[in-house]
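Just one chain follows, in the form predicted alone, and it is written as structure tokens.
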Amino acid sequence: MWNKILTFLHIKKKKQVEVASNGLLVAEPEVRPEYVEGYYEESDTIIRLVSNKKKKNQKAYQITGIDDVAATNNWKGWLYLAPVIVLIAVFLLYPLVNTIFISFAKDYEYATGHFSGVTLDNFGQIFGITTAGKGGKEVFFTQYAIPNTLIITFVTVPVSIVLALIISVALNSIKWFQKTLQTMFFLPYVTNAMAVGLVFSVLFQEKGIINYIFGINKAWIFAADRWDAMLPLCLFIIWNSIPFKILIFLSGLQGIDKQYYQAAQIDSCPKWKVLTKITVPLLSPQILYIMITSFIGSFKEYTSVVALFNGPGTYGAASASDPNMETIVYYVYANVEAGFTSRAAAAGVFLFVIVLVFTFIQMKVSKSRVHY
């Protein structure tokens, strides 16, 4: 730790007086030493310029301990942050710690908080390693919830980011009708997801517009095959998630200095090269932010399944025997509703670890690819 601070308040040097050739007294201008703020290892001091005003009986400098004014006033910062810290502790930290605890609790009762011990059986049950319920093994989580969530994530996230980037670049280059088009593209973000899901359900009915346009008679929603139903689900998620990405990309595009594009225009650079060599690198902070938030959102996908299929199944409303479109979050909610709180907590902890790992990987990769 630095043991002292050299605080420069004001240094006043006496003015030198000389006699000019014409015999008049000439006062030399006041000379002020130039100091650079920072830490000086040889003297173990911190130089901090705090004022240049003249004060009566003011010393040239003052040496104090490391607990200077800024350090002693830290309590004010904590006071300002106290409301937010309390909210984070109550609504984020406590639920997270409590969920981790419940995931290891045996025979946990949610209403009373009683449990009979600590066990790993809850994780064994969701992965089908140990028996659950009446002696059978759980298969919904490993055969439906995890694969469906991964498919949704690795299909919708890249496609939506690429489409949003292309649309944003196109909108940014349009001078007329731009605000109206931005409003049109942003409408899905402010529209009720259930209402949009109902529209998609009508479009993808056996006698709906999609089958009529392509001249086919295929079941996409009700009584549909699992992999056929994945198409309207992914399209719905992409269409519903693009507006927010467009908003972020447009804000980033408007902050790029126009001189880069002018230089590329002078060099007759192709548009695709301008996009890949100028736009994308300069938008890398926004792309990283969109990637992280999109991956987290897709892993938590739940609303779209309810909006399109009214449950996890394609053969009826929320049938326990038909988990075709079940996701990890839907599995958590279904087990909480059924009274299997510990099993739901174990699935929630697994989801938390997966999201944490993917976020860490993205942050690690971004260190060499993101330019601020």
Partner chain sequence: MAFALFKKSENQYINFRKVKVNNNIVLSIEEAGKTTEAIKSTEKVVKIITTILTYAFILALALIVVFPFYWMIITSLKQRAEIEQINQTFFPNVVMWSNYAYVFQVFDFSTYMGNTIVVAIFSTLGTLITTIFAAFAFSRLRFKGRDTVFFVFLMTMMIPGEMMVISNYLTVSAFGWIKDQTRTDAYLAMVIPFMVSVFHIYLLRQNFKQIPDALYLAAKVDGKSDWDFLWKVMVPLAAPTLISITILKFMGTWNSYVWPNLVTKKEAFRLISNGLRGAAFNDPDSGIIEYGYQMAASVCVTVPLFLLFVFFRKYIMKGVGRAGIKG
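Treat the numbers as computed from the prediction; the structure is a model and nothing was measured. Residue numbers count along the first chain shown, from 1.
Keep in mind the form predicted in complex with its partner chain is missing from the figure; the text below concerns it.
In terms of contact with its partner chain in the predicted complex, the residue from 127, 186, 115, 104 that brings a heavy atom within 4.5 Å is 186.
Of the residues 119, 279, 294, 205, just one reaches its partner chain in the predicted complex with a heavy atom at 4.5 Å or closer; this is 205. Residue 147 falls outside the set of residues with a heavy atom inside 4.5 Å of its partner chain in the predicted complex.
In the predicted complex, at least one heavy atom of residue 192 sits within 4.5 Å of its partner chain.
Residue contact check for residue 175: one or more of its heavy atoms lie within 4.5 Å of its partner chain in the predicted complex. In the predicted complex, none of the heavy atoms of residue 258 sits within 4.5 Å of a heavy atom of its partner chain. With its partner chain omitted here, the record of contacts in the predicted complex names 239-247 of 239-247, 226-234, 119-127, 149-157, defined by a heavy atom within 4.5 Å. Looking at 137-174, the residues that come within 4.5 Å of its partner chain in the predicted complex, counting any heavy atom, are 166, 167, 170, 171, 173, 174.
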